[in-house]
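Okay, so here's just one chain, in structure tokens, the form predicted alone.
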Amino acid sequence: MESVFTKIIRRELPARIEYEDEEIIAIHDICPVAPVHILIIPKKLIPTVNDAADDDAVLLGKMILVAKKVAAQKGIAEQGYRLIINVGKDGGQTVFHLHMHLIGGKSLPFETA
């Protein structure tokens, strides 16, 4: 299965890359909801959190550490930011390649579903 993120990882589609290493890529969201809106994406295709295996634990943890690093680089770590992972259609997931939204740069309202 392929996703738009797979094509970005292979450089078949353009993206504004904020961070990249062997396992993770972080790109700017094309429809940002805040001044900082970056997607933290594992290069390994995992469609949803529900598809993650026990041996993905280190990779999933690394996503959070990359988000922390990028937040600091973007100057939003001290004021705060939000990390969001949408799971499945009803959870708001539109691209079925696991990714985490790093959102910040302004005061974010508390919202519940």
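The numbering used is simple: start at 1 and walk along the sequence shown. Values in this document were obtained by computation on a predicted structure and should not be read as measured data.
What comes next is about the form predicted together with a small molecule, which does not appear here.
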Report task. State yes or no: in the model of the complex, is some non-hydrogen atom of V58 no more than 4.5 angstroms from a non-hydrogen atom of the small molecule? Result -> no
Query - the small molecule contact in the model of the complex: I27, any heavy atom under 4.5 Å - result: yes
Query raised in the report: Is I40 close enough to touch the small molecule in the model of the complex, meaning at least one heavy atom pair within 4.5 Å?
Result: no
Query raised in the report: Though only this chain appears here, would N86 touch the small molecule in the model of the complex if you measure heavy atom gaps against 4.5 Å?
Result: yes
